[in-house]
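Below, in structure tokens: the form predicted on its own, a single chain.
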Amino acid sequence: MIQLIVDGEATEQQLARLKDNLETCRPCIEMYHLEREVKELLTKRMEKKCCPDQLIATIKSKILTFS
């Protein structure tokens, strides 16, 4: 559930549950902060690059052959 929250994909109910848990559970607090730090670090280090059009076309055609 912590991963969903860090990724911004948690429901309101999950957010409320985590908030309650963070007030009393030290391991949850530590895991939450660790997950956030890892996500921030990875986000800063990742470089977005575009794929060549030919690669995209090849992948799409292979996917269509499996359907």
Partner chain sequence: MANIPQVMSDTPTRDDDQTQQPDSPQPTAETPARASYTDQQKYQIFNKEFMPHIDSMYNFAFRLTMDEDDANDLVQDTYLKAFRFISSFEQGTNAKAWLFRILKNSFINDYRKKSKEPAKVDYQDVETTYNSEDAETEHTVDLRAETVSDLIGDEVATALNSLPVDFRTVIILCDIEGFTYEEMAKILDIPIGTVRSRLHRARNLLKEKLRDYASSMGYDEESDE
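So that the term is clear: the rigid core is the largest set of C-alpha atoms that superpose within 1.5 Å between two forms. Since the structure is predicted, the reported quantities are computational estimates derived from the model, not experimental observations. Positions refer to the first chain, counted from 1.
Another form exists, predicted in complex with the partner chain; not displayed. Remarks below refer to it.
Q: So, in the predicted complex, is Gln13 in contact with the partner chain at a 4.5 angstroms heavy atom limit?
A: Answer no; every heavy atom of Gln13 is more than 4.5 Å from the partner chain in the predicted complex.
Q: Classify Glu9 as contacting or not contacting the partner chain in the predicted complex by the rule of any non-hydrogen atom within 4.5 angstroms, answering yes or no.
A: Contact with the partner chain, yes.
Q: Although the partner chain is absent from this view, report whether Thr43 comes within 4.5 Å of it in the predicted complex, heavy atoms only.
A: Heavy-atom contact with the partner chain at 4.5 Å: present for Thr43.
Q: Which residues within 45-63 place at least one heavy atom within 4.5 Å of the partner chain in the predicted complex?
A: Arg45, Met46, Glu47, Lys48, Lys49, Cys50, Cys51, Pro52, Leu55, Ile56, Thr58, Ile59, Lys60, Lys62, Ile63, in sequence order.
Q: Taking the rigid core as reference, does the Cα of Thr11 move 2 Å or more between this form and the one not shown?
A: No, the C-alpha moves less than 2 Å.
Q: Taking 2 Å as the cut-off, check whether the CA of Thr43 shifts that much or more between this form and the one not shown after a rigid core fit.
A: No, its C-alpha moves less than 2 Å.
Q: Rigid core aligned, does the Cα position of Cys25 differ by 2 Å or more between this form and the one not shown?
A: It does not, since the Cys25 C-alpha is displaced less than 2 Å between this form and the one not shown after the core fit.
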